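We begin with a single chain expressed as structure tokens, specifically the form predicted alone.
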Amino acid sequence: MIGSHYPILQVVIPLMAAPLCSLLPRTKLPWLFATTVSWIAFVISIMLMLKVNTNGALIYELGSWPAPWGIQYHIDAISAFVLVVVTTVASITLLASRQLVENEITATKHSLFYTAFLLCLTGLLGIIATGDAFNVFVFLEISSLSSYAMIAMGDNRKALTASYEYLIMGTIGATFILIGIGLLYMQTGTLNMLDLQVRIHEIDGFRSVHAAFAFFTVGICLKLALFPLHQWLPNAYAYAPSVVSIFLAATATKVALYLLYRVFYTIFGFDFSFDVLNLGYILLPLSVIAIVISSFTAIFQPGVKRLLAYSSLAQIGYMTLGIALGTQAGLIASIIHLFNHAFIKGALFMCMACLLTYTHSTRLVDLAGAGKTMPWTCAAFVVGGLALIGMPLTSGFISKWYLILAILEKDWWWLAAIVLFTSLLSVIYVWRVVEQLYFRRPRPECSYAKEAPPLLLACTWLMILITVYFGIDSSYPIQMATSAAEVLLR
């Protein structure tokens, strides 16, 4: 039955579709084809989630070769959850992308852009689905290389510099991860994650295992853009085409965080990571510094895309802070925020894409007065901004609430105070944008013709409504995050 092949179809369909997309003529066909493929991937991810919720973790052996000789795909609660997040964001982003791609990317490159997008989606889905450590590296490179290409397609010359900087930093991170994989394979003779989990406990005193842990930590934190390994992210988000900013902001760092979960909880195990090598002592100060410095830096940014990029760095700090607590409640808070922030930040970058359609600028001063002529777009930004702050009735409030509860469970009042203080800082930088949109007069040289294109605006509000819905009824992300945490801590 086809249902038994869902784990491999999740990855193979976009992978096989990518080269076909490059052969399509310069019409709407590449967009329509890529969008259809992404929605098929979304449906498959939903089916996988339902099967996991009903039957438990799924193991798919490629070529019927059992591990450790063959490659396994392993879909459990956490991977099914993140697959749904990535495919949902990709589907909505591609649906809204046609006008943005036509405005910002040369017509001759449209089919190549959608090809790169599908390859990037393939890489992200492969990282989540595979149960083989070396496959993780392969899919990481597929997603990274296609990301570099998509960023470089921007019409701003600074996009080339941003892409090159990301390439250098991303290559270093991937190299560190590959070295970690090599060290583990040298000691255990296997690349299967579940086998590694068993065999590492027998040799966890070896220095090579400790070295592998260190290489994995640095490599993944670089991909995750955790302070101080974050320098590539602001420029990559700010100068990339709008479609790329939306997609990467909502998915790339989330998949890197998923990889962090997999390595520290599944491969090395909770006890070894936190009790032997004291991972919490590393992540806690870095997370707090990331939250505070990035929040302050966001306040002083002249462009909204860079402002949102630094905000993302702060939100990454919140996610890793949940991990650093070393408790089940902290891990649940981290996973919930992974889910909620994907849609919040995707919605905010989509709002900026709407504004860019007619203002041709994301500089704060150039957005003055846009609230009067683009009311639906600006209203969407306000709601998304409230979610980013963590106001009640938005999903951002659920994230902050569970993080505060996890912190108070450890009786760390000082840390709860820092989280609340930095939430107030987010009020400041969100207000800077709202003030320009609603309380400033338009500059004479700036004109706003009309609202954003209907399809783009509809997708923006779809993202916004998702954040509001899960702020009112948060039972699904909480249930899935709890199941995921139980799987990781098993």
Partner chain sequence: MTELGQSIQMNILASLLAPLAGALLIFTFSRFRGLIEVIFVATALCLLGVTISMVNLGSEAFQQSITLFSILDSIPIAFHIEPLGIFYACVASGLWLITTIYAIGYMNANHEKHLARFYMCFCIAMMAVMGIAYSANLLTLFIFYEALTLSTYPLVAHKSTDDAKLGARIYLGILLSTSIGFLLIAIIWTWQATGTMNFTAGGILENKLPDTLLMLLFALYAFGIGKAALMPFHRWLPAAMVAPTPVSALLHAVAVVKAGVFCVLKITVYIFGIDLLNTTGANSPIIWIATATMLLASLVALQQNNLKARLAYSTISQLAYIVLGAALATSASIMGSSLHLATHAVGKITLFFCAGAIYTATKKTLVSDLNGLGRLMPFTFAAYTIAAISIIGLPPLAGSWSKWFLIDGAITADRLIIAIAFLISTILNIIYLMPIAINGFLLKPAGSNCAIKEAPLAVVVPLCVTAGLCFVLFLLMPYVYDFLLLLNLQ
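Computed from a predicted model, the values in this text were never measured in an experiment. Positions refer to the first chain, counted from 1.
Heads up, the form predicted together with the partner chain isn't pictured, but that's what we're talking about next.
- When contacts are defined as a non-hydrogen atom within 4.5 Å, none of A57, Y73 and G126 contacts the partner chain in the model of the complex.
- Only one of 397-405, 307-315, 265-273, 93-101 lies within 4.5 Å of the partner chain in the model of the complex by heavy atoms, and it is 397-405.
- Exactly one listed residue, out of V198, A211, I203, M391, brings a non-hydrogen atom to within 4.5 Å of the partner chain in the model of the complex: M391.
- Taking I282, V365, I289, L420 one by one, only a single residue has any non-hydrogen atom within 4.5 Å of the partner chain in the model of the complex, and it is L420.
- For the chain shown alone, L29 is not a contact residue for the partner chain in the model of the complex, no non-hydrogen atom being within 4.5 angstroms.
- Although the partner is absent here, E61 is not a contact residue: none of its heavy atoms lies within 4.5 angstroms of the partner chain in the model of the complex.
- Using a 4.5 angstroms threshold between heavy atoms, L50 stays clear of the partner chain in the model of the complex.
- Proximity of I478 to the partner chain in the model of the complex falls within the 4.5 Å heavy atom cutoff.
- In sequence order, G471, I472, D473, S474, I478 are the residues of 462-490 having a heavy atom within 4.5 Å of the partner chain in the model of the complex; the partner itself is omitted from this view.
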